[in-house]
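Single chain ahead, by itself, as structure tokens, in the form predicted on its own.
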């Protein structure tokens, strides 16, 4: 198939690469062309504008940074929906606002195009290994059409309902991740204070009732003092902000999420907005009066 791809960042480049490796012809756009060089070397076609991507593609995937970027890519003057072409299905894999997903779906439908919101979970590791969890909202028939492509990028793919349902499901995911991230960091802080070998702690508690993705995948990075991004702090702050806004709209109180959101704002204020989410450890260390090495 001729597939459009917009957004070749930490996750997007790997995800698009799986489609390319399966033999699909890619038409790509990214604000920074250098981040798409590997795909271009492997035969992808560069497009100067999002509209050019959709003009050459049967299906267009996007995974960008913030809801404002999603809105511009789809609904802007040179956005995907501004031009004409063979495109029949749009798939936004960004974590974004459910209301925006619904708005895009309505605008696409006016042009006879289906739109899916399909945010993912699994970070850079899942994107690289093709093991992402993909939660999808939108037209069921369009989902069935795209499913073989989703299966190239993810291991667990679920249709969750109409437009916006994928984004609502991702909010559930991010609320849970927020809780496991603070648990991971506090657990390793305690281990360090008790004089335990932190990796040995991970090896045992990561196999029992405390097992979670955060301790098993990000815990070892924390132990090594590795705060390079698999998923950026600033993007997680965005996600938690969306979840808190959606919760407030239905008078739902989420005090745990609100606390972790504030701690991540502290991480960002310390200059680590472009670090990985495991950098939450740095804010917690500061709260405990430790401004020394990056090792917990």
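Positions refer to the first chain, counted from 1. These figures come from a predicted structure and were not determined experimentally. Rigid core here is just the name for the largest C-alpha set that superposes within 1.5 Å across the two forms.
One more form of this protein exists, namely the form predicted together with a further copy of the same chain; it is left out here, but the text below deals with it.
Is it the case that residue 213, even though its partner is missing from this view, gets within 4.5 Å of a further copy of the same chain in the predicted complex, heavy atoms only?
Heavy-atom contact with a further copy of the same chain at 4.5 Å: present for residue 213.
Should residue 22 be classed as touching a further copy of the same chain in the predicted complex when contacts are defined as heavy atoms within 4.5 Å?
Residue 22: no, not in contact with a further copy of the same chain in the predicted complex.
Heavy atom of residue 284 within 4.5 Å of a further copy of the same chain in the predicted complex
Residue-level check for residue 284: yes, a contact with a further copy of the same chain.
With a 4.5 Å heavy atom cut-off, would you call residue 140 a contact of a further copy of the same chain in the predicted complex?
No, no contact at 4.5 Å.
Heavy atom within 4.5 Å of a further copy of the same chain in the predicted complex: which of 179, 86, 225, 76 fits that? Just give me the one.
Exactly one listed residue reaches within 4.5 Å, namely 179.
Among 111, 82, 151, 200, which has at least one heavy atom within 4.5 Å of a further copy of the same chain in the predicted complex?
Of the listed residues, the single hit is 200.
Tell me which stretch of 24-32, 256-264, 53-61, 38-46 has a heavy atom within 4.5 angstroms of a further copy of the same chain in the predicted complex.
Careful reading of the contacts points to 256-264.
Quick one: in the predicted complex, does every one of 172, 175 and 186 get a heavy atom within 4.5 Å of a further copy of the same chain?
Checking in the predicted complex: 172, 175 and 186 are all within 4.5 Å of a further copy of the same chain.
Return yes or no for residue 15: a CA shift of at least 2 Å between this form and the one not shown, with the rigid core superposed?
Result for residue 15: no, shift under 2 Å.
Residue 143 C-alpha moves between this form and the one not shown by 2 Å or more, core aligned:
No; residue 143 is a residue whose C-alpha shifts by less than 2 Å between this form and the one not shown when the cores are overlaid.
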